[in-house]
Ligand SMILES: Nc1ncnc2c1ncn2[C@@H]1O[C@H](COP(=O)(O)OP(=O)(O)O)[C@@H](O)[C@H]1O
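The chain below stands alone, shown as structure tokens; this is the form predicted on its own.
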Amino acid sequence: MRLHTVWLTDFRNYETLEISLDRGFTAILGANGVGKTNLVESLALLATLKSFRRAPTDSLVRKGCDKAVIRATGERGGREVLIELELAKGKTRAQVNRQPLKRTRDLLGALRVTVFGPDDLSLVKEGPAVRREFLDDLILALDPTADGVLSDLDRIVKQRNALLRQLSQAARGRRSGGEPGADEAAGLTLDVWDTKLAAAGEHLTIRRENLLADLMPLVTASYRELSDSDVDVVATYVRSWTTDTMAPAIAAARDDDVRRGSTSIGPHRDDVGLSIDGFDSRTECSQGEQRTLALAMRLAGHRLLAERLDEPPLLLLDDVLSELDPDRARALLASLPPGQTVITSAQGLPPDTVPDQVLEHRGGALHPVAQAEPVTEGDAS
């Protein structure tokens, strides 16, 4: 889907805002703190119903207001599409072409986005949860029905953890002289959840591993484009178990799981190891290399989606230029993939950059900038 026009009402710092986007490369320039990231956040919400900044719904509503509204029109397959979101405290309501959505997955196929921002350095530097989420978000973008698999696995782990805590408390009670409770029945129920965990966990793990294998050649290619270097980028999916199938590992870990009251085996404990020319990206690479790798991963995911779907996702690059050296910033803009792209910047654009549309953010509104010549650093910031 290609976005045409977006309207915001009482979203973040915006009382009202209307923006029309070019079908190609749009640059949104303006000083820090004027709301450029808020605008990008609203565009991403239209596709995912969640903030890429991990903000709760309440914080998305302008202070003093009861709700925020995001509306957007676009085109998909030659037909106009209208997406409407209403964000209120504790809940989000979504409609596509005036039809309320019953499930999140019903929105996931309407508009797809790829977002990269300064915080995406966490893809490389932080713990495993960020990398797992990266893979799962790509799986969902490729197949919205996978939402059911992820939801089922989350429910299974929560139910199993509840039983593990119950058994752990019962064991502590016996050690302190208490009477045995209903822990035998809980143990039998745990067998059921172990079976469910093994089935759902193996299914998701295989999907992640296959996706990572398809993704890595694109990550390497993107990294080389950005860095102008012939390096090898390697990603290894690290399972939380070493047996051929998950069931024996779950059984072997049960005593420890009961003692801890949590599930130690499953996709929720897996990781992705990353290296550049054999050096561990988390501990042995520079921050510049880490940032380039994080950006390469996002661009690779974007290109994979574009290859497999009928049209490329909307690419959103929020303040990424300030985090790159001039050569890598130029390389990024020179290698933008086909499709609709929105970039925000507080420092202008590299020399000789020619966006299809330039909007300057000032006075709480977006103003078109005439382009008689390429936009250079500082022209509109």
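All of these numbers come straight from a predicted model, not from anything done at the bench. Quick note: we count residues from 1 along the sequence shown, nothing fancier.
Just so it is clear, the following notes concern the form predicted together with the ligand, a form of the same protein that is not shown.
Asks: Is Leu333 a contact residue for the ligand in the predicted complex, using a 4.5 Å heavy atom cut-off?
Replies: Although the ligand is absent here, Leu333 would stay clear of it in the predicted complex, with no heavy atoms inside 4.5 Å.
Asks: Is Gly35 one of the residues lying within 4.5 Å of the ligand in the predicted complex, judged by heavy atom distances?
Replies: Contact check for Gly35: yes, within 4.5 Å of the ligand in the predicted complex.
Asks: Give a yes or no for Arg62: in the predicted complex, does one of its heavy atoms lie within 4.5 Å of a heavy atom belonging to the ligand?
Replies: So Arg62 counts as contacting the ligand.
Asks: Determine whether any heavy atom of Arg53 comes within 4.5 Å of a heavy atom of the ligand in the predicted complex, and answer yes or no.
Replies: Yes, Arg53 sits close enough to the ligand in the predicted complex that at least one of its heavy atoms falls within 4.5 Å.
Asks: Can you say which of 53-61, 308-316, 323-331, 352-360 gets within 4.5 Å of the ligand in the predicted complex, counting heavy atoms only?
Replies: Careful reading of the contacts points to 53-61.
Asks: In the predicted complex, which residues of 4-26 put a heavy atom within 4.5 Å of the ligand?
Replies: Arg12, Asn13, in sequence order.
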